[in-house]
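Just one chain is shown here, as structure tokens, and it is the form predicted alone.
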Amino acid sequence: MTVRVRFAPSPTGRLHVGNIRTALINWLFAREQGGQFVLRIDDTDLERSTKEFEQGIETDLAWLGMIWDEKYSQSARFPLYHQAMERLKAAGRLYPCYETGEELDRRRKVQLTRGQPPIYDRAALKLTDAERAALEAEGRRPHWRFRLEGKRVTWEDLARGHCEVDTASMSDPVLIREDGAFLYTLPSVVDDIDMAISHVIRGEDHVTNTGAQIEIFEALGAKAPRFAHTTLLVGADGEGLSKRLGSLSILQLRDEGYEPLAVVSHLARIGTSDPLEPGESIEALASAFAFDKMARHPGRYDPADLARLNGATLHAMPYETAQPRLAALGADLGESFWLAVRANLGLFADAAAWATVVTGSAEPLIAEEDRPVVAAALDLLPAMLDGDSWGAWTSAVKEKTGAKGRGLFMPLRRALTGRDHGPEMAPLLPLIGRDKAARRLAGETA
């Protein structure tokens, strides 16, 4: 069997870390199994779906390295959904209902006061043809419900193990609205059948829906795919992310300068037994993927972990990878510069500031109490600077002034770079050069 999975986002907004994590798990599983990843645009809501958001989905997935094998748009597949609808009607599994939202709400309240479960009572099945005609004469248009068999549906979930759902405890799901628009469920099942989707991987908030969906697969004469329902993400505080997802869009993370490899490493390893470290590549993450590594507790999304992984990704980045991006920033000063500064970067764009420190101008910071150390350093500055100069030079300054540790190194760093923190000074000093170093030690902006 060829493994085929699908990611079916709705083009009504930007992708955020929650649905990207679902997409990523699908992609990693497909690649680990040698299978295929299908991108299916759920644009059946023609009023809210936009091409701009669809393009944004493609851009986000491509930026993260999740290239799809096939792409479909559900808006081009309405004839298939209508065929399935007619089959279900003919089989007596899809029936018209005429209640308004207010009427259904009142019924649920009555059921609750009586201690009954608030599920649909199937009153529409008792309507005669004459009663249905009278309701339609009033201007009512039916919504269509799928008649569940009311049985215990079971499946072996790749993420949760054995699962059971009693569809007798559920309302018959609405598949088609009063205006004739298809809700998510029927197009999804029809497409899963038509596209030979072998595995449906999604969040555990869909577990209950699975019972009804398996019945729809069976009613259409198809075998249901295998399912995996993964835990959802929570914030660093343990609370749900639902109210914060708008501020965690992939577009925002990209604009803030995060590395795509850091983002996918973070999302791939949250809530698993793997260490929270950056992967060598998204392909390497796929080769290590397994559902049995996923914990049963929610994955904890902590921006501090992402920031740490982003730094670690940059610290390991070879010059060959960084070079085109350094050039685009106007900061390509060669491999020695990149190796000198990469271990201090939180974001790639920070390299531009260090390029300015090296080739541009920096205003030295020299506190009054540090002037004796800085003056001695200027007197002892070697005529030629190389990778060994820093150690010999600072030893000479220490011997002359008695300064040591922070009292020796911090005044020199502040004078040479204008900053309290930064890359190791040994490789940075020869990049700055003797002329700039001497002028900055003398208190000049250079």
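Numbering starts at 1 and follows the sequence shown. Please read all numbers here as calculations on a predicted model, not as lab measurements.
Just so it is clear, the following notes concern the form predicted in complex with a small molecule, a form of the same protein that is not shown.
Remark: none of the three candidate residues (Asp157, Thr272 and Lys293) comes within 4.5 Å of the small molecule in the model of the complex, counting heavy atoms only. The closest heavy atom approach of Asp42 to the small molecule in the model of the complex falls within 4.5 Å.
For Phe78, no non-hydrogen atom is located within 4.5 Å of the small molecule in the model of the complex, even though that partner is not displayed. In the model of the complex, at least one heavy atom of Ser188 sits within 4.5 Å of the small molecule. The closest heavy atom approach of Tyr319 to the small molecule in the model of the complex falls outside 4.5 Å. Arg202 is the sole member of Arg145, Arg342, Arg202, His199 with a non-hydrogen atom within 4.5 Å of the small molecule in the model of the complex. Contact with the small molecule in the model of the complex, judged by any heavy atom within 4.5 Å, is made by just one of Arg371, His206, Arg177, Lys109: His206. Here the chain stands alone, but in the model of the complex its contact with the small molecule, taken as any heavy atom within 4.5 Å, falls in 180 to 188 among 133 to 141, 299 to 307, 180 to 188, 275 to 283.
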